[in-house]
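Just one chain follows, in the form predicted on its own, and it is written as structure tokens.
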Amino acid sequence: MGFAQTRLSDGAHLFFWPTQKFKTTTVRVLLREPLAAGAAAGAILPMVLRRGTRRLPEPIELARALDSLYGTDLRGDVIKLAEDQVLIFHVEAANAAYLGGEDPLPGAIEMLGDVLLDPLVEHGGLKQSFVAQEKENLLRRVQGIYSDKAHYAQMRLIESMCAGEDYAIPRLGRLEEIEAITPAALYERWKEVLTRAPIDVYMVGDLTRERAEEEATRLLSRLGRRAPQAPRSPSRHPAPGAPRRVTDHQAVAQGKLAFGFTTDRRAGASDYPALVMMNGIYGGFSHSKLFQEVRERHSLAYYAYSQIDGLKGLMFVQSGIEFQDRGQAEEIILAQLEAMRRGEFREQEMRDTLAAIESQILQSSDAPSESIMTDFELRAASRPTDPSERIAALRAVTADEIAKAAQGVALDTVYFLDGQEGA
């Protein structure tokens, strides 16, 4: 698997994977913007725009048009990429080879182009009823984070650890931002996004390179003059002093103990694969030290795992525990990191971790959407996109290099979501 790259225009590129592996052709447009530009507005834009266009102003009309294109799928979403927010617009159409020669892709491309470049505008703004409905939907999504206590604990850990940094801004923005969104302001924001955001068009399917370039060019043909900004490198989080300790109290049945660490390397560095291996042995999988020691051996956690954000150079640990076990759980979680620093892990742990990561890498090409996002995120992190190259780099990592990677991890913040005081 490999994506070929073509420049379409200023700040717009096509990434194309010709394959007969799937029965569909997937087109995904990704626009990368700083989170600080307004995360809530960014999160709502794909949802509003996909509801209707000037040519198809009502959701029912758009749905019928998609059905007429053999059930073409049209979606929107956002992800967080370090200190940026990525707006996602997606269509997936049936491969013409399975339809007796009829090809829904041109119609799907035209519809996606309408969503991006010919939205439904009234009174100088995006349609008011669409905006109002999607504000309610976004409000429920953000409130859902507060109900999902594991997700909430991770959000609060990052807010506390990275206060004052763009990285602290949640993917969907904050509750107080949502109410301030207006149709006119949202439309102005969208025009700014189209002017300044880098645009990556991904295509996966049974297409020639020439056809892919033709369709991508047609997709963006109505895009006006642009002054795109180059993606920024994430700011470096300052080295920690004494670990910060933050405790919240809520009416919860289970405590959430979370840790934030800095690392001495970021994705793209030649020694980054050692950090990937270290994280895998420490807490990335069910065979890892955190799961085996904290959950299985000592029965202290319902779950315990670690993860790294290579773009930002941070590592996080999450665990769900009984309130009274906080001290012992913290001691054992940090003790496992100390063991990693001393090189106290077995060759079998390295083999199991390598096999698990290799499996993840190879599975990333099993679905068009996953293959697209994997390629996009690897390019953003300046990491090799070729699976065999990444696997070879991981296989070359030694035990000493893994221990050295652990030695470069420093505790910054400990967060605990406790029960109600006095309860």
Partner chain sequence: MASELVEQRRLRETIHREVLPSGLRAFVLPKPGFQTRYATFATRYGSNDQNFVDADGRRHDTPAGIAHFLEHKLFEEEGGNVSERFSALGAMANAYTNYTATTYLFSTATEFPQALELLLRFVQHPYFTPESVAKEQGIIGQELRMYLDDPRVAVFQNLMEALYHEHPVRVEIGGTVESIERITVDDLYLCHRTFYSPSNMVFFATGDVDPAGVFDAVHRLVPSERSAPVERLRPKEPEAVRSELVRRAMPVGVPLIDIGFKDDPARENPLEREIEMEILLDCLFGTSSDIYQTLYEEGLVSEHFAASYFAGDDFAASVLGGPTPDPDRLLARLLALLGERCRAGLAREAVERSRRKSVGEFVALFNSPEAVAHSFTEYALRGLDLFDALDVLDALRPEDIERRLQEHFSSPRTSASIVDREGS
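Treat the numbers as computed from the prediction; the structure is a model and nothing was measured. Positions refer to the first chain, counted from 1. C-alpha atoms forming the largest set that superposes within 1.5 Å between two forms make up the rigid core.
Heads up, the form predicted in complex with its partner chain isn't pictured, but that's what we're talking about next.
Considering its partner chain in the model of the complex, the lone stretch of 91-99, 234-242, 194-202, 275-283 in range is 91-99 [heavy atom distance within 4.5 Å]. Checking Gln133, Gln307, Thr182, Gln229 for any heavy atom within 4.5 Å of its partner chain in the model of the complex turns up a single hit: Gln133. When its partner chain is considered in the model of the complex, only one residue from Glu322, Glu188, Asp248, Asp166 comes within 4.5 Å through any heavy atom, namely Glu322. At the 4.5 Å threshold, heavy atoms of Val317 stay clear of its partner chain in the model of the complex, well away from it.
Although the partner is absent here, Thr24 lies within 4.5 Å of its partner chain in the model of the complex, judged by heavy atoms.
Although the partner is absent here, Pro368 lies within 4.5 Å of its partner chain in the model of the complex, judged by heavy atoms. In the model of the complex, its partner chain lies farther than 4.5 Å from every heavy atom of Arg383. The three residues Lys312, Gln328 and Leu411 each lack any heavy atom within 4.5 Å of its partner chain in the model of the complex. For the partner-free chain shown, Gln133, Glu134, Asn137, Arg140, Arg141, Gln143, Gly144, Tyr146, Ser147, Lys149 of 132-160 come within 4.5 angstroms of its partner chain in the model of the complex, judged by any non-hydrogen atom.
With a cut-off of 2 Å and the rigid core superposed, Leu120 has a Cα displacement that falls short of the cut-off between this form and the one not shown. Gly260 is not among the residues whose C-alpha shifts by 2 Å or more between this form and the one not shown once the rigid core is aligned; its shift stays under 2 Å. With the core held fixed, the Cα of Gly101 is displaced between this form and the one not shown by 2 Å or more.
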